[in-house]
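For reference, the chain that follows is the form predicted alone, supplied as structure tokens.
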């Protein structure tokens, strides 16, 4: 039957040619092709982009914002979520998440220390392995793109995103960021170098309500290039990072999302970046003018994909109109489209070779051990009077303070939800500080209690102080005291009790930046900075009990006052009188 069909087709074609009427070529609708290309340059949030929308608007990407996850927040739920988009869309989408310290939107994932803690390790091999582990857990959920790492070189720790920065030193940021990128991308997941450029160099401005996040960096170009551009050069030249995200902030009053000089001339031209440049969440709306003007300016500046979680349909339609009006050239659209396709090709999305890891990797024993190692290496010992550390494993210990049994406080922002969690409820996989101490004491005949009435029975008090979780501008702080901006309200009561206990006091601070301890330090026998350490508190007890020694070094200068814009080691006008501990400081116990 098939051979007869082919025969008749052949005869009909021959007769058509004899009649001089060759088959008409398929007509290409150029406007339809343009519209589909433009749709590839827009990213929507999953809650605002239904599967059926992808039939009419073949968007290039979908993301889960902070805390956005499928109803079934497990590997199967995530895979089903992503696969539904792929089945509906003629061109495979690239799905992105903020897995900034592990796959932190996924319930049960391994939560690694935030970048500031990893900066204290200065361990490139560790960062590579964390990149690999994070990539595997992201891959196991079918996700392709991670909006990490942050390459900000934070210069003022009052910034609400300080914990996302590895260090105030651009060399540390560069080496650790590069190692993480290489590890992550080795698993087939796209990394994102962010936020371009100088997001960590903004200044407090009284006229803007002392706003640091999304603020302005008033710097000369030599400083910008030497300190803040350097990590991007390494990420592109050595790490071949696939994507770059633009910063909300400004440089000398010019919004980065509208800067053709920094995006096209420097990033794509001088640095030779060949991947895709994406905007931050609705960031183009901080440019002046109408939506039309914002799209024209940002696209002409060199942005290739617009992160528009809510109004993505209007953005596609408006960009199409701007191209038809010649306010955005077709060459610019073609360039952006080719960059998006380049990344999708590198990830194996166009030829269906993207490989998902087995879901057994999620919070595997190997990854838990890696997170525990990272915690141990991130701890910085800043005081150890009378060698109170290491602790005896048979010791009787009183645990006090808000940080003793709360995985949410230990993990900070960008954990399960955008602003983080105030409890352990959504972090069932976590080992809290209390559980870690109890495990050691149980195995060696020690005693752990949280009952303050037993103060006369214990050998030592562990004072666990903590910040409340926060993310982005919510964390901008003017008061860095232990009871100041974003600090837990129960800190003061615990501090007062420890001071009058007449017992040796070992203080552990869980926070996303240094805090003012100048006055309180004299009342403590030992002081340990634990940063935002994540889900494996056993890394703390490994060091406090002496199985491992302290190796962490301060990645940021520790202040005496809240005037922290004058203490960075990168500041040519540095005020040493404002410094309590210098960057790089850290003690050992043996």
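Residue numbers count along the first chain shown, from 1. The shown structure was predicted, so the numbers you read here are calculated from the model rather than taken from an experiment.
From this point on, the text means the form predicted in complex with alpha-D-glucopyranose, which you will not see here.
- Remark: residue 145 does not count among the residues lining alpha-D-glucopyranose in the predicted complex, judged by a heavy atom distance of 4.5 Å or less.
- Interface membership of residue 136, defined by any non-hydrogen atom within 4.5 Å of alpha-D-glucopyranose in the predicted complex, is ruled out.
- In the predicted complex, at least one heavy atom of residue 307 sits within 4.5 Å of alpha-D-glucopyranose.
- Shown alone here, residue 194 lies within 4.5 Å of alpha-D-glucopyranose in the predicted complex, counting heavy atoms only.
- Contact with alpha-D-glucopyranose in the predicted complex, judged as any non-hydrogen atom within 4.5 angstroms, is confined among 244-252, 497-505, 124-132, 454-462 to 244-252.
- This chain lacks the partner; the member of 78, 95, 414, 273 within 4.5 angstroms of alpha-D-glucopyranose in the predicted complex by a non-hydrogen atom is 414.
- Shown without its partner, this chain lists 34, 63, 554, 538 as candidates; in the predicted complex, only 63 has a non-hydrogen atom within 4.5 angstroms of alpha-D-glucopyranose.
- Residues 280, 281 are the ones in 265-298 with at least one heavy atom within 4.5 Å of alpha-D-glucopyranose in the predicted complex, listed in sequence order.
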